[in-house]
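This document starts with one chain, in the form predicted on its own, laid out as structure tokens.
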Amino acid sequence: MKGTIFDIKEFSIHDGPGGRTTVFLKGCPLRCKWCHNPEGLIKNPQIMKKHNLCVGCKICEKGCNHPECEPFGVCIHSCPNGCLTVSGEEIDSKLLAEKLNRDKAMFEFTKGGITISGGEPMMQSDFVCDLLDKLDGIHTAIQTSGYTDEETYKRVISKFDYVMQDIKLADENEHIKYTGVSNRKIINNIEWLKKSGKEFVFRVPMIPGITDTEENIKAISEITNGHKTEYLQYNAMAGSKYKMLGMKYKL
């Protein structure tokens, strides 16, 4: 089975217990205005352009016969300054599992493992489940918004040893305003997670004036109900990649 990823980060210490390798999947149903991984929003591979290196020669626009360049309408190999890169690649679950399994000894030594993040892993649920079936007894964790139907959520979460469940805004109208979707599915899945027996942690991004308000934090604490919760500092560089993707940062 094939899936689309945009990054593999090795030696991560912030994506679950121990030393980990984090696989970032493309595609997300949310459009959080503060998203710091805009290359994970769209499922298909995208061109990233380093505008500060571009001299406007337009050599990349002259066309080529490279099949890998055809979807983008520019030649990704021709830029003399190396302005163009592709964010995202399709990969076979077997090949990815073989790559990840090579580091099993390191994961055991650091009491770490593999984390699946995104984007939103639930958007590639079949690929995620197929990949985990091919891992060689390695500890696994997932970072998820929880925005999916109940059946998919249960099926995917059941595969993992550890769950990092985002919770951004408790108020439904505020959630729609700042993420583009209702939080009803998320809250429903959270209630199941709390009763599931899975090891998990809630993660709350602290976005100034949006999620870090006293009202929102209090409402979230009522949802988390004493379970382990991490409050994540806002990434001041969150908007830096949007221009490279031809997108606009909304905060």
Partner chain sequence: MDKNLYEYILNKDHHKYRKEIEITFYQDMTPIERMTYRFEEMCKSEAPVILENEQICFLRTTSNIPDIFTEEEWANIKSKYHIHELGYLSNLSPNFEDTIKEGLLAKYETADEYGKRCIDAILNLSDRYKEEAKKQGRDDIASVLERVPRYGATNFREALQFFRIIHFSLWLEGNYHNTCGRFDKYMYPYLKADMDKGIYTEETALELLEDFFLSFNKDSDLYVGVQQGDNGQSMVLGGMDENGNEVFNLLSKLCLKASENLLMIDPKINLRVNKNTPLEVYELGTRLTKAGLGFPQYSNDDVVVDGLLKLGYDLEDARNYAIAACWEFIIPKVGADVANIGALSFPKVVDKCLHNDLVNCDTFEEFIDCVKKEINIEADIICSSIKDLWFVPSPFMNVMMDCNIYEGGKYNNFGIHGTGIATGADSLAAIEKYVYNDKTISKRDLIEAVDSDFEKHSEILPLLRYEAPKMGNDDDGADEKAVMLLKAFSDSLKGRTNCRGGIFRAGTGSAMYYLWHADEIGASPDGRRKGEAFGTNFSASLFAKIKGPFSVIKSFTKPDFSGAINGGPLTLEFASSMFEDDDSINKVATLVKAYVDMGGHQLQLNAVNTELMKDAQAHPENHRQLVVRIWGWSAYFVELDKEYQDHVMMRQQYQV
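Heads up, when I say rigid core I mean the largest set of C-alphas that superpose within 1.5 Å between the two forms. Positions refer to the first chain, counted from 1. Please read all numbers here as calculations on a predicted model, not as lab measurements.
What comes next is about the form predicted in complex with the partner chain, which does not appear here.
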Residue 239 near the partner chain in the model of the complex, any heavy atom under 4.5 Å?
-> no
Going by a heavy atom distance of 4.5 Å, is residue 78 a contact of the partner chain in the model of the complex?
-> yes
Would residue 173 count as touching the partner chain in the model of the complex under a 4.5 Å heavy atom rule?
-> no
Using the partner position in the model of the complex, report whether residue 103 sits within 4.5 Å of the partner chain, counting heavy atoms only.
-> yes
Stretch in contact, per heavy atom within 4.5 angstroms of the partner chain in the model of the complex, of 124 to 132, 157 to 165, 142 to 150, 95 to 103 | 95 to 103
Which one of 71, 180, 82, 137 is close to the partner chain in the model of the complex, taking close to mean a heavy atom within 4.5 Å?
-> 82
Output the sequence-ordered list of residues from 16 to 52 with at least one heavy atom within 4.5 Å of the partner chain in the model of the complex.
-> 16, 17, 18, 19, 20, 21
Core-aligned, does residue 50 move its Cα 2 Å or more between the shown form and the other one?
-> yes
Is residue 218 one of the residues whose C-alpha moves 2 Å or more between the shown form and the other one after the core fit?
-> no
Compare the position of the CA of residue 62 between the shown form and the other one after a rigid core fit and state whether the shift reaches 2 Å.
-> yes
